[in-house]
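As structure tokens, the next two blocks hold two forms of the same chain, structure 1 and structure 2.
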Structure 1
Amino acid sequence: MNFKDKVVDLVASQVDLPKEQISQLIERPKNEQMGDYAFPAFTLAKTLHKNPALIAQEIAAELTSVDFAKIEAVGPYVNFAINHQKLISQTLSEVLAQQNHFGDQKLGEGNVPIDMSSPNIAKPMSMGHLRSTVIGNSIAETLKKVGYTPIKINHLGDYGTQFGKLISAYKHWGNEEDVKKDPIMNLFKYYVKFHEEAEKHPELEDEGRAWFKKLEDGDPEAVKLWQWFRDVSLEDFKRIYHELGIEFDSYKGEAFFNDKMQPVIDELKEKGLLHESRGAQVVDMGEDENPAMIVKSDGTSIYLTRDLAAAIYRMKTYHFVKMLYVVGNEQAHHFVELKTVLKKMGYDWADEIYHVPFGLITQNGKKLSTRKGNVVFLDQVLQDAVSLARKQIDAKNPALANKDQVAHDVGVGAVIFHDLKNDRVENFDFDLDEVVRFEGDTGPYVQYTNARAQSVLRKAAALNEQPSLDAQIIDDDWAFSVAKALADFPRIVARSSDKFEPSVIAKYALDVAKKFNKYYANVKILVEDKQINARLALVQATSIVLTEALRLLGVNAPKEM
């Protein structure tokens, strides 16, 4: 039981208020000297017709508990100061007993499809897709820890008018050998060239549209090329997912829904929601909004229609309790349309659909755009991060055994952590040197702190000393500050899962790492006195929580680096 719950129980034994209300009333005193929790007596003053300061005194006089060093009235508040020894011993023994299950809880259950990553084939995966991948993955791990069953879906952008353009471009300038050698790079080159040429020769656009129409009509040549582009692209993407250590439960992309759109269009018609506007089929979105387009004037289908079919398909397949779309902020309007149309169709489950947006990554302050060829190649970014990590390891720990693996975990982990440490809707600039630093608010800093804890434990084992809480206990302020942070982990997991916000966990990991490093700097851990085992318990508990926090972010925690 956490200490706040204990405060609630104590107060409830004295006052006539429901526990939930007491829990909501409890505050943190302005400064730590005054205690760790405060119960304000104002609420009771009206019903008891007494001065709140007097009420606070009466409550405090009745309460004693081994869990609190001090329970006293200060003005209208009852202040509670946690018994340091109790908090440290309880927290550490809980963490050591539960190991990586510390923080597990049951906040819900049922399937939660997470639409994430979803890059577009024949184009390099962008930094935006990287964000979606790592944010989605962390949300999935966190939801699992609180009881849900996440289903990671890669809704590949493998369909749409751009594939008409790509086929047309390939027919003009393409070469089979080149595509085989470096698929994405070359397909992308054709695509960029198409856009350049189309500015001079607008008739190319018509040609592209015609190829897309052929593709939709099942023309064998168009289908064969499209399938080939899809296969080689997916292979390339999977390489990046493998580097990131991320797997998907489904790769059903947009094309999968081709034959599932007509039933949706028919249903919209039946329900009287569809009408014609300038040759296109649209659904009204309300007074001041533009209508949502469902079928284009040339009869071809679009993104929104495929998403409608996908949402309905997922409901039928997974009977989800919530569904998330981890997609950039710039598509916010699309998801408003998606939910609105589903609601109009009478699907109340649309209320449990959440667009989980995130901000842009810029480089040197500039927006990255695939269309203009101003693009970062992700495999390159990851490779560069790994070699930067490798350089630092060579400098710091040249004798390290499995350097390649550690450099990989640190380099890739640095990129992931950097992506997750800010509130996800914030934009940020990507500077690799910054990202892979071993000091500062970085992934490598957290990993390094964990490796430091592991190194202490190895040295202790060599002295035949193990972590244990059986004998003496510690209660110094440095240890208290670490233990108090560790005790917070379950609440942090709950908050992160509730807000679909991995940064809550990343910021927490940085906080624990900083507090532990203060402990490490101020307390001699490996002195063989009576308290050494308790100190080692603190070290081990810290490593367990840091490792688990990193795991929830999708970052490995090497034991040595």
Structure 2
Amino acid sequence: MNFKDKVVDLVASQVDLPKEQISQLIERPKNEQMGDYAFPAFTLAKTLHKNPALIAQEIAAELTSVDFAKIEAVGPYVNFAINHQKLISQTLSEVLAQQNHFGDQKLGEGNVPIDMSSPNIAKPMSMGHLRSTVIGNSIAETLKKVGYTPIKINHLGDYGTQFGKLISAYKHWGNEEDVKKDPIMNLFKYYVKFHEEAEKHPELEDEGRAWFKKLEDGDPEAVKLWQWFRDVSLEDFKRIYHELGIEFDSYKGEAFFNDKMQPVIDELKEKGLLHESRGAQVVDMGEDENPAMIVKSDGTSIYLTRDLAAAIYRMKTYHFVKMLYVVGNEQAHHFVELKTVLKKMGYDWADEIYHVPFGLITQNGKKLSTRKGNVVFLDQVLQDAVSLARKQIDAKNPALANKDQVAHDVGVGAVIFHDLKNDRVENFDFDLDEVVRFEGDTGPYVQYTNARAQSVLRKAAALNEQPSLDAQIIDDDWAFSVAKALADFPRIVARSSDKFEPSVIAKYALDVAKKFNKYYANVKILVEDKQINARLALVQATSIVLTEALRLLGVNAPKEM
């Protein structure tokens, strides 16, 4: 049982409120000198017709517990100060016993498909793709830790009018030899050129749409070119995913659902949901709302048509308990339409579809755009991050073994961590020099803290000292601060999984790292006295939790840096 549960039980013994309500009322005082938990008596004032401060005094007077060093009324609050030795002993015992399973919980079960990353073929992966990829991956790892079975789906953008435009561009300016030499970059150049030329020659847009119609109708030349573009793109994407340490369970993209759309359109017709509007086939969304377009006036499908087919396919295939779409803020209306149409079709499971939105990565405050060629390539950013990490490692620890691997883990980890430490709905500016710093609120700072803990444990092993709680327990304020933070890890994991918010874990990892570094600066750990093994237990527990927190973010934790 955790200490908050103990507070709830104590309060419940004195007040006539359900434990669930008491638990929701419990607060954490901003000033730790006031205690570790606080119960506000305001709620009881109405029913008891008493001053909340008097109620708090009456409750506190009746409570004693070996788990708490102090229980006292402070104004309208009952404050609980945890017994330092109890918390440190209990927390370290649990972490050392459970190792990387500390924080595992059974908050749910069943399949959770996560639609994430999903770059468009024939375009290089840009920094714009980073967010969906790493946010989705972290959510998957966190859901797995609390009992679910995540299914990572890369719903490739491999269909739509843009591929008609790309085929048109290739027919005008393409060269097979050039594409074979550098597939992605050359296809990307053709795509950018198409949009530049289309501004001067609008008829090109009609030509692009015509090629897409040919592709939908199975024209052999269109299909052959499209398949080629898809194959070379996927090969390049997988190379970058390998750099990020991310794997997918499915690469079924939009094209896979091409033959699954007509049954959906037929079903909408049968259920009387589809009607014509200005030549297009639409579904009404209700009063004051624009209808949802299902088939365009030229007979082609759109994203919504394919997403309806995909959602129905995924339910039939995975029987999911939830389905997540990790897609930018700007697509919010699309997912409102998706859920509304599915509900109108009678699929109540649409209530368990969640859009997990996120903000933009900007550079110097400006949005990145693929169409205009104003793009920062993810591949290049990762290479530059690893180079920057390598330079700092060479300066700090020139004799380090496995420098290349460590530089990779630190550089790539820095880029991932920087993305995830930001609340996902916020926009943020990207400056690589800031991201790969070993000091400040960065991934390398957390990794370096873990490496520091591992260094202490190696030195202790050389002295034949091992982490253990058999000896006298520690109870100094620095150790208590670290242990209290470690004890919070299961709650942090639960909160992150509930909100689909990796930043909760990233911010927590920074907090643990800062508290441990204060402990390291103020306590002589390797002094051979009665408490050395307990101090080493705290060091090892910190390393275990930091390593696991980083893993949930998709970041490796080198043991030396």
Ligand code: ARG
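As the structure is a computational prediction, the values presented were derived from the model and not from experiment. Reference numbering: structure 1, starting with residue 1. So that the term is clear: the rigid core is the largest set of C-alpha atoms that superpose within 1.5 Å between two forms.
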Check your understanding: So which is the form predicted alone here, 1 or 2?
Key -> 2
Revision key, fill the gap. Per the rigid-part fit, hinge between structures 1 and 2 among Phe248, Ile71, Gly208, Leu87 is Leu87
Review point. Once the larger parts are superposed on C-alpha atoms, what angle in degrees does the smaller rigid part turn through between structures 1 and 2?
Key: 13
Check your understanding: If you line up the core, how far does the Cα of Pro52 move between structures 1 and 2, in Å?
Key -> 6.3
Point to revise | between structures 1 and 2, how far the Cα of Lys19 shifts once the core is aligned, in Å | key: 2.8
